[in-house]
Every structure is written in C-alpha cells, then in structure tokens.
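Listed next as structure tokens is one chain, alone, in the form predicted on its own.
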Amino acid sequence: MVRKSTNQKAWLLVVPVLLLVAFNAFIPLMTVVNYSLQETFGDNVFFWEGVTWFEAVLRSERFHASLLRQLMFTGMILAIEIPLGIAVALSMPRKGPWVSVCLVLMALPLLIPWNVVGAMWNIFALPDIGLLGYSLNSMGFDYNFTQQPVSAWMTTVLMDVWHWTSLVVLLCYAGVCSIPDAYYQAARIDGASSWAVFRYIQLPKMKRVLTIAILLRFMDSFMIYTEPFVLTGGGPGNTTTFLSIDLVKIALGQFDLGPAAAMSLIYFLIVLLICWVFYTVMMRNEEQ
C-alpha cells in the first residue's frame, strides 16, 4: 500500500505575508492594551491603573445603552437582509443576457464608499428638500430624521439595507447557481412543490454561503460607523449612537484614552465571541 505524502512547501510562500500582517496588527494592539492599563495626561507620562478602566466600562450605563442599541440594530439588519437577499437571489435569472445586467445592478451599491452613502442618504432623507423626506411628509407622515428617534432609526436601517443587501444576494446567487440541474430534474419527476425545492434542495446547498453572509453582515453591522455618523451624527440625542460612534466620542471628543482603549478591547472580544458562537452553531447544524 502506497501512502500519499503531503507537500507543505506552499506554506513557505504564505509565511512572509502572515508575518507581515501579524506584525502590523500586533503593534497597534499592544498600544491599545498599554493605554487600557494606564492613565496619561500628556507629555508621554503614564500612571499604572491595572484593570480599573475595564471595570469602569463594564459598569457604565453609557456602555450598556450603546451595546443595547448596537445589538438591536444588528438584529434588525440580519432579520431583514438575510431573508430579503435569499428572495432576490432566487428570483434572479440563471441563464440569458439578463444575468449580467442583474449582477451589475446588484454590485453597484457595494462600489459606493461608505461616507458617500451616508451623504447621499442625508440629502435623500431631508424632510424639506429630500425626495424621501418630502414624499413621506406630502403623504401625511410626520417624518424628520434629524429630530425624531423613530425616523432616525428607520432611515439608518433602510440605508444599511439598501447598501449591503446586495452582498447577501450575490453570495446566495453563487450558491444557487452551483446546484446541478439533476436535483431540479429529480424534484420535477417527484412532483415536488416550490417550497419543497427550496426547503430540501436550495436552502441546504446555500448553507455555507449563508454562513459567510451572516458572519460578514454581523461583523460589518456591529462595527458600523461611517454611514450613521455622516447621516445622523449619532442623534437625535443618543438615538443612533452605536458602540463605534460612542467609542470615537470617548477617545477623540473627550480624549479619555484609557477608558476608550479598554472599551475597544471589550468591543473586539464581543465581536470575536459572537462570531465564534455563530460559526460553531451553524457548522454543527451543517454536520448534523
């Protein structure tokens, strides 16, 4: 019996890149850790604080409120974009000249920079001159995202759905197109309904791309900053002040580097933990 040997020399080509990326990530991370354990008043003078800043952040009502807003926003985004992305992907043609047109149209929102998206929606939703705001007010709705918390939330969620649903659509479309025609032929012979085809053929084949889509959209929506900052600035009040915006206010607005560094590390650990839970649960379901 001949045993096949695995050639691991290809890793030699990847190791320099891994070392470079690790080096570039290690230095900023250690700088943040250094600030999170000390206090400074300038002139490069530091005073040891230990875990004081971590305790202060975890006990802070401000942090709890920002975290709750962030979780609510991310939950709403996933609840809207994942089903909507699947529905749009299933309705797109798989053959013919319209395939390229649909793919280009789906990719267009992803090409727009984040700050431009926020500026576009800021103008689009202005209650007096914006197309969305003026139309809603003309129909009798009391809409003003600069003063009303519900309107600000609705506009922020709608902006993110418009910007990022295309990513879910493209990933799901790739998963659907990878399904062989033999599955559909067998389903037609058995007289399977459209729901049965989706439930037992399309959805199982999309599980892996859906895992990627959920993880990417979770991380992006949980760390969102530019779009809501340009659109609402975190207002009205603190209505749309998510964790990222609150972190920047503490670090740059108040120049509290110690609490900001501790908060950023907690922020990072929360994202890492929830991503690990998502991945573990979905991969366990895949194995079953």
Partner chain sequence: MLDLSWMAWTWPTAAFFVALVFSIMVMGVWEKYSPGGDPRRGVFGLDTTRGDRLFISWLGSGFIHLAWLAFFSTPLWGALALAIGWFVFVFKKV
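Being a predicted model, the structure only gives us computed values, none of them experimental. Numbering follows the first chain given and starts at 1.
If you look for the form predicted together with its partner chain, you will not find it shown, but the lines that follow are about it.
Annotation: in the predicted bound form, residues 54, 58 and 269 each come within 4.5 Å of its partner chain through at least one heavy atom. Comment: 45-53 is the region of 247-255, 66-74, 217-225, 45-53 lying near its partner chain in the predicted bound form, near meaning a non-hydrogen atom within 4.5 Å. Remark: residue 38 counts among the residues lining its partner chain in the predicted bound form, judged by a heavy atom distance of 4.5 Å or less.
In the predicted bound form, its partner chain sits within 4.5 Å of a heavy atom of residue 273.
Proximity of residue 24 to its partner chain in the predicted bound form: non-hydrogen atoms within 4.5 Å are absent; the residue sits far from the partner.
Residues are counted as partner-facing when one of their heavy atoms sits within 4.5 Å of its partner chain in the predicted bound form; in 14-37 these are 27, 30, 31, 33, 34, 35, 37, in sequence order.
Compared with the form shown here, the C-alpha atoms of residue 22 and residue 167 sit at least 3 Å farther apart in the predicted bound form.
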